[in-house]
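Next up: a single chain in structure tokens, the form predicted on its own.
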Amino acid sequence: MIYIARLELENLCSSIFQKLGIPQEEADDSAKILVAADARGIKSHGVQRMKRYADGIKANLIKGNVQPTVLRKTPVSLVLDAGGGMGLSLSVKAMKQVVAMAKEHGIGVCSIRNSNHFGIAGYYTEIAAKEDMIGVALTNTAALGVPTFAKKAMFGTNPIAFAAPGHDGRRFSLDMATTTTTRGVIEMYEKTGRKIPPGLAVDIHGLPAEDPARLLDDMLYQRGGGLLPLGAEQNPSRGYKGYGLAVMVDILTALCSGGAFGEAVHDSAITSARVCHFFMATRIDIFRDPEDFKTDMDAMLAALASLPPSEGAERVYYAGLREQEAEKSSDENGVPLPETTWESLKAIAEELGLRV
């Protein structure tokens, strides 16, 4: 690992996006989200994805300076066609619009079609949590997940994020795929020359997949095989839990916006698929006094974190705690990047004429 000052890394990523023709505000937002993933230890969704963004922008599959089309609008809801715009920066704006609706009416929701990869879902829910709201963010992805008892992918990793605030920056912040792992993790196995552990994916025959390069290629060209749904690690029949959640995400993101779902969502050889998102913000005071809610949230999080750990474990975490601690360390000591990721990022920058 090498350690890069967070602001330096954000500026480099923003400069790359700007060199590729993305306006500065969109480039800055996008860079912050990618770097936030690495700062929190979520390397599968960090700057290692820059090449896929760069290739997508060069091919005009990811576009900057796009004004989304409003398909439907009410005081508490919004449906957008993103027109192939930058999913990262677009999603920041969408969540802020949802928060504005909730400030006025108590709740706000937005479903979006024809967008692009938006990084870590938890980034957007925390925009709401910082405004004393409960936040939800969902996205579908290219078909990578295999339904229970199937051997062909029919839904994406379809992550679900949820955040609720406590006091002084404490928060419950869940950000999880509905598959046992993500494609980004499989890419990391490929880059580091490791086999896929059992219980994460199946090949075109429905048998445990070991070769990450073969699996990535088979998923890209939809030959069969893919990632197992959440819950199927030990027993395939229990995958119905993740399978059901993944379909729920497709309903809220794609069916509500009129976008692509299931195997119709597929990546190209150079970049990620056009996808759909869903955002929601709810003002806490429609339920109860926000200060009382946050006091109870503090107590709940403290109770979870103070539980005695099981034998062999160091401590008990709640959702978001590990990432918050990693982010604090990154802010103090620099964002840790695998050397291969840093070299790849430098090569992209230098190709565009940027000094690193």
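A residue's number is simply how far along the shown sequence it sits, counting from 1. Throughout, rigid core stands for the largest set of C-alpha atoms superposing within 1.5 Å between the two forms. Computed from a predicted structure; not experimentally measured.
Keep in mind that the form predicted in complex with a further copy of the same chain is missing from the display, and what follows is about it.
Put simply, of Ala143, Ala177, Ala128, Leu215 only one has a heavy atom within 4.5 Å of a further copy of the same chain in the model of the complex, and it is Ala177.
Of the residues given (Val265, Ile186, Leu252, Val99), Leu252 alone sits with a heavy atom within 4.5 Å of a further copy of the same chain in the model of the complex. At the 4.5 Å threshold, heavy atoms of Val109 reach a further copy of the same chain in the model of the complex.
Remark: Gly83 does not count among the residues lining a further copy of the same chain in the model of the complex, judged by a heavy atom distance of 4.5 Å or less. Within 4.5 Å of some heavy atom of a further copy of the same chain in the model of the complex lies at least one heavy atom of Arg72. Put simply, Lys103 is far from a further copy of the same chain in the model of the complex: not one heavy atom of it is within 4.5 Å.
Stretch-level contact analysis of 289-297, 25-33, 60-68, 46-54 against a further copy of the same chain in the model of the complex, using heavy atoms and a 4.5 Å limit, identifies 289-297. By the 4.5 Å heavy atom rule, the three marked residues Arg6, Ile120 and Ala201 all fail to count as contacting a further copy of the same chain in the model of the complex.
Annotation for 297-319: interface residues with a further copy of the same chain in the model of the complex are Met297, Met300, Ala303, Leu304, Leu307, Pro308, Pro309, Ser310, Glu311, Ala313, Arg315, Val316, Tyr317, Tyr318 [heavy atom within 4.5 Å].
Relative to the superposed core, Phe172 undergoes a C-alpha shift smaller than 2 Å between this form and the one not shown. Core-superposed comparison between this form and the one not shown: CA of Val185 displaced by 2 Å or more.
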